[in-house]
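Quick setup: one chain, the form predicted on its own, written in C-alpha coordinates, and binding and motion questions come after.
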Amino acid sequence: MNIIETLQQRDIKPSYLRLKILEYMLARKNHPTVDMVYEELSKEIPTLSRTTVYNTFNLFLQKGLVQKLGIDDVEAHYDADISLHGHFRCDHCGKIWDLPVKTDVSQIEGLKKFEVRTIEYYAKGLCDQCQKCQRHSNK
(Lines give C-alpha, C1' and ligand atoms only; values in the text may rest on other atoms or scores of the structure.)
Protein backbone atom coordinates (compact mmCIF):
# COMPACT_ATOMS: atom_id res chain seq x y z
CA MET A 1 0.00 0.00 0.00
CA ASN A 2 1.33 3.44 -0.86
CA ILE A 3 1.36 6.51 1.38
CA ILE A 4 -1.64 8.16 -0.32
CA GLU A 5 -3.74 5.03 0.22
CA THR A 6 -2.56 4.79 3.83
CA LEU A 7 -3.78 8.33 4.51
CA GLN A 8 -7.04 7.83 2.62
CA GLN A 9 -7.79 4.64 4.56
CA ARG A 10 -7.74 6.74 7.74
CA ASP A 11 -9.90 9.51 6.22
CA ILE A 12 -6.97 11.90 6.01
CA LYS A 13 -6.75 14.18 2.98
CA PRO A 14 -3.36 13.42 1.39
CA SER A 15 -1.90 16.93 1.20
CA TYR A 16 1.69 17.41 0.12
CA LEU A 17 2.87 18.22 3.67
CA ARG A 18 1.07 15.24 5.21
CA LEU A 19 2.60 12.96 2.60
CA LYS A 20 6.10 14.32 3.28
CA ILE A 21 5.73 13.99 7.07
CA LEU A 22 4.45 10.41 6.87
CA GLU A 23 7.09 9.56 4.27
CA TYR A 24 9.77 10.87 6.65
CA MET A 25 8.45 8.75 9.51
CA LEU A 26 8.15 5.57 7.47
CA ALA A 27 11.58 5.94 5.86
CA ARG A 28 13.59 6.72 9.00
CA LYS A 29 11.75 4.92 11.81
CA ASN A 30 13.69 7.11 14.26
CA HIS A 31 10.79 7.92 16.62
CA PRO A 32 11.00 11.62 15.78
CA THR A 33 9.91 14.68 17.71
CA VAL A 34 8.13 17.61 16.06
CA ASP A 35 11.46 19.48 16.01
CA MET A 36 13.30 16.59 14.34
CA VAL A 37 10.77 16.41 11.50
CA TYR A 38 10.65 20.19 11.17
CA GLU A 39 14.46 20.56 11.06
CA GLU A 40 14.83 17.92 8.37
CA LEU A 41 11.86 18.76 6.15
CA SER A 42 12.25 22.55 6.33
CA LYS A 43 15.49 22.16 4.31
CA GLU A 44 13.36 20.87 1.43
CA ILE A 45 10.16 22.80 2.26
CA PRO A 46 11.12 26.28 3.52
CA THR A 47 7.47 27.28 4.07
CA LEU A 48 6.94 24.44 6.57
CA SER A 49 6.22 25.51 10.15
CA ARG A 50 6.57 23.67 13.45
CA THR A 51 2.87 24.28 14.00
CA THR A 52 2.05 22.40 10.80
CA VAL A 53 4.15 19.44 11.89
CA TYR A 54 2.58 19.52 15.36
CA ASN A 55 -0.95 19.71 13.94
CA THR A 56 -0.21 16.92 11.46
CA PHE A 57 1.03 14.67 14.27
CA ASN A 58 -2.14 15.43 16.24
CA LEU A 59 -4.29 14.53 13.23
CA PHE A 60 -2.31 11.31 12.69
CA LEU A 61 -2.79 10.49 16.39
CA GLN A 62 -6.56 11.11 16.25
CA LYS A 63 -6.87 8.88 13.20
CA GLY A 64 -4.74 6.09 14.71
CA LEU A 65 -1.96 6.39 12.14
CA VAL A 66 0.82 7.04 14.67
CA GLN A 67 1.34 6.60 18.38
CA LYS A 68 2.80 9.09 20.82
CA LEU A 69 5.53 7.68 23.06
CA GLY A 70 5.68 8.54 26.74
CA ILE A 71 9.26 7.35 27.05
CA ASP A 72 10.88 10.81 27.14
CA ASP A 73 10.11 13.22 29.99
CA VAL A 74 11.14 16.24 27.91
CA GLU A 75 9.72 15.87 24.38
CA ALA A 76 7.01 13.79 22.74
CA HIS A 77 8.28 11.22 20.27
CA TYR A 78 6.07 9.66 17.60
CA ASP A 79 6.04 6.22 16.01
CA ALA A 80 4.38 5.26 12.72
CA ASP A 81 4.56 1.58 13.73
CA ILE A 82 1.30 1.08 15.62
CA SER A 83 1.75 -2.68 16.01
CA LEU A 84 2.21 -4.23 19.46
CA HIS A 85 5.83 -3.52 20.41
CA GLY A 86 7.89 -1.77 23.05
CA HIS A 87 10.73 0.73 23.13
CA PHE A 88 14.16 1.13 24.68
CA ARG A 89 15.56 4.65 25.24
CA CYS A 90 19.21 5.21 26.01
CA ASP A 91 19.66 7.57 28.96
CA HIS A 92 22.93 8.84 27.51
CA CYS A 93 22.45 9.37 23.74
CA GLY A 94 18.63 9.56 23.76
CA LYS A 95 18.12 7.21 20.82
CA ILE A 96 15.03 5.01 20.87
CA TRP A 97 14.81 1.46 19.55
CA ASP A 98 11.83 -0.81 18.93
CA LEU A 99 11.54 -3.93 21.09
CA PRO A 100 9.47 -7.01 20.31
CA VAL A 101 6.79 -7.79 22.89
CA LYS A 102 5.50 -11.31 23.32
CA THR A 103 2.54 -10.69 25.62
CA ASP A 104 -0.31 -8.23 25.38
CA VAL A 105 -0.69 -7.04 28.98
CA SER A 106 -4.30 -6.10 28.30
CA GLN A 107 -4.91 -9.84 28.68
CA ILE A 108 -3.66 -9.78 32.28
CA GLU A 109 -6.45 -10.99 34.54
CA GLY A 110 -6.43 -7.90 36.78
CA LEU A 111 -7.00 -5.58 33.81
CA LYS A 112 -10.09 -7.32 32.44
CA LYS A 113 -12.46 -5.22 34.55
CA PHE A 114 -10.95 -1.95 33.21
CA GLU A 115 -11.35 -0.22 29.89
CA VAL A 116 -7.71 -0.18 28.74
CA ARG A 117 -7.06 2.62 26.25
CA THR A 118 -3.28 2.83 26.25
CA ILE A 119 -0.53 0.39 27.09
CA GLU A 120 3.12 1.36 26.84
CA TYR A 121 6.05 -1.01 27.05
CA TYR A 122 9.37 0.71 27.53
CA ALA A 123 12.74 0.31 29.13
CA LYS A 124 15.48 2.84 29.79
CA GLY A 125 19.18 2.39 30.36
CA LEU A 126 22.38 2.49 28.31
CA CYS A 127 22.61 1.23 24.74
CA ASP A 128 25.52 -0.99 23.76
CA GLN A 129 27.42 1.90 22.12
CA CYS A 130 27.14 4.16 25.19
CA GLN A 131 28.14 1.27 27.45
CA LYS A 132 31.31 0.83 25.37
CA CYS A 133 32.05 4.58 25.55
CA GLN A 134 31.60 4.59 29.32
CA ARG A 135 33.92 1.62 29.75
CA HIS A 136 36.61 3.37 27.68
CA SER A 137 36.22 6.67 29.55
CA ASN A 138 36.50 4.92 32.94
CA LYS A 139 39.92 3.48 32.11
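Here the structure is a predicted model, which means the values were calculated and not measured. The numbering used is simple: start at 1 and walk along the sequence shown.
Heads up, the form predicted in complex with the DNA isn't pictured, but that's what we're talking about next.
- Among heavy atoms of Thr51, some come within 4.5 Å of the DNA in the predicted complex.
- Contact between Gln129 and the DNA in the predicted complex is not found at the 4.5 Å heavy atom cutoff.
- Heavy atoms of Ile82 never reach within 4.5 Å of the DNA in the predicted complex, leaving it off the interface.
- At the 4.5 Å threshold, heavy atoms of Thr47 reach the DNA in the predicted complex.
- Stretch-level contact check against the DNA in the predicted complex with heavy atoms at 4.5 Å: of 110-118, 73-81, 91-99, 23-31, the positive one is 73-81.
- Contact annotation for 1-30: residues with any non-hydrogen atom within 4.5 angstroms of the DNA in the predicted complex are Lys13, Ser15, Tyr16, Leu17, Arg18, listed in sequence order.
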